[in-house]
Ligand SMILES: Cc1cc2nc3c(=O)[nH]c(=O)nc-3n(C[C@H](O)[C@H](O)[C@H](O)COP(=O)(O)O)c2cc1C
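Here's a solo chain for you in structure tokens, the form predicted on its own.
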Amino acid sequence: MKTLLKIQTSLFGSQGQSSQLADRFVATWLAKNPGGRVITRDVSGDSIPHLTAERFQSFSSSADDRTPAQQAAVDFSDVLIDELRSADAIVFAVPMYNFSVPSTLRAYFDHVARAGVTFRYNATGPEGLIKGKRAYVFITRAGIYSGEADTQTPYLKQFLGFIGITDVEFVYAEGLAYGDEVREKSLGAARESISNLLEPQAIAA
């Protein structure tokens, strides 16, 4: 049974434009993968705490040396990492906030970037340990930031590649604050791309 992990980051929950594109993708994925399982991880709000010194230290300490609070932090991180490991594909719904990804997504990444667990260093540099996954990233923006102004795509590519996820497809819906005509044209193009994104996966299945 194939598993899809959906990571939702919009402050507006399921009403966010990035969330709606991701949900459309999920529905298409389920149609192409009957019996497939979907795991939803909503990282908006305070569901993913930002790192503290105690949390960070818990990841590098031995189980015997951890406080109960540190062990709880590791257990929570393990749940997030297990979701990544169990997924055949991952879909990210990512709006642009203040020229970057939501801070809650960064917090999520802080909890899944674990030395010796999701990455390690060897003689040639870092090696990602979450391999064999395909990721789809739906990015929505009020303005138009493609090209040199795009700070999101390089960051997401670098982080996902760092933990071993190198097969990543990006879909953008930009200019959403530029009026109804521009918004609908941009969202429409993003919606139309969804079926095409899944064709290679459907053939492989």
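A quick note: this is a predicted structure, and the numbers were derived from the prediction, not measured. Residue indices: 1-based, along the sequence shown.
Unshown form predicted in complex with this ligand; subsequent notes refer to it.
None of 159, 59, 145, 170 but one reaches within 4.5 angstroms of this ligand in the model of the complex through a heavy atom, and that residue is 145. Remark: residue 124 does not count among the residues lining this ligand in the model of the complex, judged by a heavy atom distance of 4.5 Å or less. A residue is said to contact a partner when one of its heavy atoms sits within 4.5 Å of a partner heavy atom; residue 176 meets this definition for this ligand in the model of the complex. In the model of the complex, this ligand sits within 4.5 Å of a heavy atom belonging to residue 17.
In the model of the complex, none of the heavy atoms of residue 76 sits within 4.5 Å of a heavy atom of this ligand. Only one segment in the set 137 to 145, 159 to 167, 48 to 56, 22 to 30 has residues whose heavy atoms sit within 4.5 Å of this ligand in the model of the complex; it is 137 to 145. Contacts with this ligand in the model of the complex, taken as any heavy atom within 4.5 Å, map to no residue of 100 to 119.
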